[in-house]
Each structure stands twice: as structure tokens, then as C-alpha cells.
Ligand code: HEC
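Take a look at this one chain, the form predicted on its own, written out in C-alpha cells.
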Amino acid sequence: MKKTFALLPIVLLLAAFTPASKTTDPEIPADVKPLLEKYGCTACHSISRKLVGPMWTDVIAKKYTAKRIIQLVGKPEPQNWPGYPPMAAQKVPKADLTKIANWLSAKK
């Protein structure tokens, strides 16, 4: 009985940190996810967790056009994201960047 009560706080703690349901998060399309990994986007951005950069859901909430996202990846404007370290300009082939930007801009 004492062992059960000793484990109870651990179980409750783990339950408190259970990831949120994915039903509210936008899905990353199967053709976009490998690009995010290939170009290192996932090192700083996550779909629903703040890392070095803003979450994908926060980027989506800005409602940028695909053209604007492409511009910002090539020439970031840190004033758009106060509280985050400035992003370095990224060199992503246009076709791949367009696919990523279209995903982010379509989720309005």
C-alpha cells in the first residue's frame, strides 16, 4: 500500500506533462515534414512547443502570405518576433521553400 502512495505523485506529475491532443494542432503534411527536417527548421521550430524560434502555430497565426514567408526566410526581420533570438538568413531551394511557405500560409 505504501508503494502505491509513493508512486502516486510520480504518476500525477507525468499526467500533468502529457502532450496536448493532436486534434487541435495543424498536421504537417507528409511532403513538407521531411523538408523541415532536411533544412534544419525543426532545430528551432516545433508545431506546438516553443524552442529557439516560434512554434509553427504562432507563425501560422501571423497570416503571412507564401511570398512574405519566402522573403522572411531569405532576409529575416527580427522585429517581427520580439523575445526570440534573430534568425539567420536561410538558403533553401526555391521549390522546397515554396512548398513550406504554401503550407504555412494556407493554414489561416
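Note that the coordinates shown come from a computational prediction; the quantities given were computed from them, not determined experimentally. In this text, residue numbers run from 1 along the sequence as written.
Only in words, not in the display: the form predicted together with heme C (HEC), which the text now covers.
- Though the partner is left out of this view, residue 65 does not reach within 4.5 Å of heme C (HEC) in the predicted bound form, counting heavy atoms only.
- In the predicted bound form, heme C (HEC) stays beyond 4.5 Å of every heavy atom belonging to residue 31.
- Although the partner is absent here, residue 69 is a contact residue: one of its heavy atoms lies within 4.5 angstroms of heme C (HEC) in the predicted bound form.
- Heme C (HEC) in the predicted bound form comes within 4.5 Å of a heavy atom belonging to residue 77.
- Applying a 4.5 Å heavy atom cutoff to heme C (HEC) in the predicted bound form picks out 44, 45, 52, 53, 54, 56, 59, 64, 69, 72, 73, 76, 77, 78, 80 from 44-80, in order along the sequence.
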